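Only one chain is given next, in structure tokens, and it is the form predicted on its own.
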Amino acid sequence: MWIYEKKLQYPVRVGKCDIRMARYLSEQYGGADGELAAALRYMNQRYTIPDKVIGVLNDISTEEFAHLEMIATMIYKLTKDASVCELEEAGLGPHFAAHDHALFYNNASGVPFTAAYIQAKGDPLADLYEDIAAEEKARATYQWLIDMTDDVDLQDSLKFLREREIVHALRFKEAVQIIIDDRNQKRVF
């Protein structure tokens, strides 16, 4: 199903060590509206969606995994040179105690990822409207993250991700219209 290219979807550069920002970015790594939740949500929903739009869910789910890889790279680069003392000062002491410098799927408050974040109703329109909302929430979060850093290199990657969320929302809106049009089509038996 996938062909993995050993490169990021978009280059990730950071201008400085910024543990505080890494902590905030973990919201998009393991939070309710983050990339992992989105990827798993869409991959799961594809099994109860009409054939005409399965590809949209499959494509966007795959891309969300690429975004997850970018977020992980950002967090790693922002913290790789941090001392234990600096991690503690940024509120990451408990994380370090449990995971050292390893990434772990949790949100910015340290709450671990849970499958409860993944929504699937089984109704194509309900699921797609949920997906549109998820993309809009991710877009808003990326904007807030952009506003929270003065690192222009990091902002560049975050802007790319923000724009992709907009594209995903548009693609889901198109899928909604395809399903509505299909339901409204006169059937002759």
Partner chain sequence: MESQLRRYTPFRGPFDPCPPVPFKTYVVPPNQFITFQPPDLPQFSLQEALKYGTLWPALFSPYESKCKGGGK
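Small disclaimer: the values here were computed from a predicted structure and weren't measured. Numbering follows the first chain given and starts at 1.
This next part talks about the form predicted in complex with its partner chain, which is not shown.
Practice task
Evaluate Q143 for contact with its partner chain in the predicted complex, applying a 4.5 angstroms cut-off between non-hydrogen atoms, and reply yes or no.
Solution key: Answer yes; at least one heavy atom of Q143 falls within 4.5 Å of its partner chain in the predicted complex.
Practice task
Considering only heavy atoms, tell me if E27 and its partner chain come within 4.5 Å of each other in the predicted complex.
Solution key: It does not: once its partner chain is placed as it appears in the predicted complex, E27 has no heavy atom within 4.5 Å of it.
Practice task
Please check if K121 has a heavy atom lying within 4.5 Å of any heavy atom of its partner chain in the predicted complex.
Solution key: It does not: once its partner chain is placed as it appears in the predicted complex, K121 has no heavy atom within 4.5 Å of it.
Handout entry: 4.5 angstroms heavy atom contact with its partner chain in the predicted complex for R41
Key = Output for R41 is no: heavy atoms all beyond 4.5 Å of its partner chain.
Exercise for the section: Report the stretch among 41 to 49, 122 to 130, 155 to 163, 27 to 35 that approaches its partner chain in the predicted complex to within 4.5 Å, counting heavy atoms only. Expected result: The contacting stretch is 155 to 163.
Problem - Non-hydrogen atom within 4.5 angstroms of its partner chain in the predicted complex for each of E86, H99 and H101 - result: Answer is no for this spot.
Exercise for the section: Residue by residue through 60 to 86, tell me which have a non-hydrogen atom within 4.5 angstroms of its partner chain in the predicted complex. Expected result: Heavy-atom contacts within 4.5 Å come from no residue here.
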